[in-house]
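For reference, the chain that follows is the form predicted on its own, supplied as structure tokens.
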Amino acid sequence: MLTARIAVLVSGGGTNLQALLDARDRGELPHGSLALVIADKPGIRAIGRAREGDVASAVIPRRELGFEEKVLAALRNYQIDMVVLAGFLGILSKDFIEAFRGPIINIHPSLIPSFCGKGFYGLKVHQAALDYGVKVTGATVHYVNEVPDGGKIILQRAVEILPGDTAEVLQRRVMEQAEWKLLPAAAEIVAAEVVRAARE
């Protein structure tokens, strides 16, 4: 195995997917190849980013019966070695995680264990941090297990909360200062581990 084949699951604009594509283009993902993007909604910007980045894409609506089985079938068809959840809003079942077998990683916009778990996603995370009055937030990349946001942490980066921040302003700063740097770095760490394990 020369590189780990990566599938990216997305639910929206795909800015974290773009960070992975940009890192690939800069040569910062040498042990991974972006092989597939799976969108759980049609017409989202992330699909266009995949096309522009010359990566195969599939749309598998999350509300469809058999969603996880269809995703697993796509992962098998594309011989995927690892999965990256990049702004993916679904929660994968224990059965899915066990069936895939390869590593699955996720980016979360807080310093886990703060403001994480079921119900904490998108702007809700940043609003919770502001409501609580914390002075520092950030982002975390972690392995996915059956507990939402409960897997082992791979990388974290802190981001300062500034006076007058709104959830939207804070979200943008966390993306720029933490998420878009952490996710490609973590993907490379895990891809390198996949390649190393395959050689042993």
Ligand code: GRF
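Counting begins at 1, following the sequence as shown. The structure presented is a predicted model; accordingly, all values stated were derived computationally and were not measured.
Keep in mind that the form predicted together with this ligand is missing from the display, and what follows is about it.
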| property | result |
| --- | --- |
| Contact segment among 68-76, 96-104, 82-90, 111-119, judged by heavy atoms lying within 4.5 Å of this ligand in the model of the complex | 82-90 |
| Contact residue in the model of the complex, chosen from I153, M175, I161, A56 - any heavy atom within 4.5 Å of this ligand | M175 |
| Partner proximity in the model of the complex: Q171 to this ligand, non-hydrogen atom cutoff 4.5 Å | yes |
| Proximity of P184 to this ligand in the model of the complex, heavy atoms at 4.5 Å | no |
